[in-house]
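Below you'll find only one chain, the form predicted on its own, shown as structure tokens.
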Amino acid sequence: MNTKLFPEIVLNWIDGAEKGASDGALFNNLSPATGKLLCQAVGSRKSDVEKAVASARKAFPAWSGMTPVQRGDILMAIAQRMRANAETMAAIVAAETGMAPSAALGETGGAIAQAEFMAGEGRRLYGRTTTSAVPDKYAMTVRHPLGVAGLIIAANTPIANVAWKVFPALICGNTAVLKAAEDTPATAWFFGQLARDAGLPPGVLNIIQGMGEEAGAPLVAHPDIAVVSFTGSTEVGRMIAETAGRRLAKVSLELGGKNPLVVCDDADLENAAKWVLLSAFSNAGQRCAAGSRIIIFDAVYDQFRDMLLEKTQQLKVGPTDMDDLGPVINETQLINMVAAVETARQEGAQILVGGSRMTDPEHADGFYMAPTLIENADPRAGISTREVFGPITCLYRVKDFQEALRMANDSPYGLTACIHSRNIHRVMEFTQKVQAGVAVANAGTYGSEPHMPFGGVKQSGNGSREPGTEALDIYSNLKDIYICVEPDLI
């Protein structure tokens, strides 16, 4: 436990102050790298959520009454405080996730960039003016906030996930209740402290710690939550959509992926191999945009498989900057990953490397999954169609471009996709025809810039897009305004 980074007991932020759970409940937060206790966090219940929502409702009139520029100035102050405390934030992220310090600092930088971009939207927040078909009539649209936003995030990139949701929600004039990921409570807590110290008024952002069923579910079901934004599994996303839909609340769902990366026979194989390893194994494969289906032309399959096998065997696993990937977030996830690989093996797939928990003395106490390459898996098997969310990827052999495109699209998911080819015609056709919210050429399946929309199709989401200016459509309503002029009174 590192008491210099965060307290022994991580509390909620409600109405600008730290609060315990109403019944005193606590849960343990373990280090994925060592299995040791980092801290405890309060286990919020429905009554705690209700207090947080009430605080947000109370703060809404004053916050929404500010001009967008004023709100943007406050959000920029938070971004500046994040930048000043970037190393501390990154250290907390590294402690809670097992990321290498450099990777955690990179994620923190991405969160700051998102914060700065959305703070700048306060000086835009565009509606539009247009013409009317009726003489002496003028038409325009303006944006209005929705009310209280319920924000639920995942632990894989904890501070980036906070920034993706909090800043667009607040710049639009909403107040918010953020349900922190249970595996990264201290990251959200520290952000709440920075926001308070930067001058965010009490109640504008409330942060609730706790488990999904005990804290997340009451937040989604609360009648005063006008919009729910969720990043996580497709299964939970469906439940959220059903609950919120019954009261016609707005919902934004950024869900899972089973993302294809196609390697053509004319690809730069060294570059493709580099990006396959990054897409599949960086952040221990814990990305909704991870490359988990590697589709390879038959002409280069054997050569490319051998390259990947050699490079995967050379990967270093651990929590330092000398390592290529770290642990997975918790032991339950690790057990599920090992079980998924074993099921694939029993169904006829071949495990080329990895496939098990790392139990050597250096890794035995943490939650480490060996980087895993699988081939000969049935494209319809569970390992091919269900998100595993770990350092596990499957190789598939195809004869040509058309078969590769068909296989890429033959998935219940559609989040990201990538093609490696020197042929501009293949690149253009793939990026246009692949069924995904994000299409990339000659790089990886992951990565989104702050000013660009991110989201998927099919079971990867409900069509919403965060971040980018498109996120403003999630957190605001458009109002048409018509002004009619009486010519005789001019």
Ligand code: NAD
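What you are looking at is a predicted structure, and each value in this text was computed from that prediction instead of being measured. Heads up: residue numbers just count along the shown sequence, starting at 1.
Form predicted together with this ligand: not shown, discussed below.
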Quick one: which of 94-102, 266-274, 127-135, 381-389 gets within 4.5 Å of this ligand in the model of the complex, going by heavy atoms?
381-389
Does at least one non-hydrogen atom of Glu182 fall within 4.5 angstroms of this ligand in the model of the complex?
yes
Would you classify Leu415 as touching this ligand in the model of the complex, given a 4.5 Å non-hydrogen atom cut-off?
yes
Would Ser411 count as a contact of this ligand in the model of the complex, using a 4.5 angstroms cut-off between non-hydrogen atoms?
no
Can any non-hydrogen atom of Gly212 be found within 4.5 angstroms of this ligand in the model of the complex?
yes
This ligand in the model of the complex reached by all of Ala154, Ser233 and Phe454, non-hydrogen atom within 4.5 Å
yes
Looking at Ala84, Met239, Val353, Ala139, which has any heavy atom no more than 4.5 Å from this ligand in the model of the complex?
Met239
Proximity to this ligand in the model of the complex, single hit among Ile74, Ala217, Met307, Leu278 (heavy atom within 4.5 Å)
Ala217
What residues of 253-272, in sequence order, lie within 4.5 Å of this ligand in the model of the complex by heavy atom?
Glu254, Leu255, Gly256, Gly257
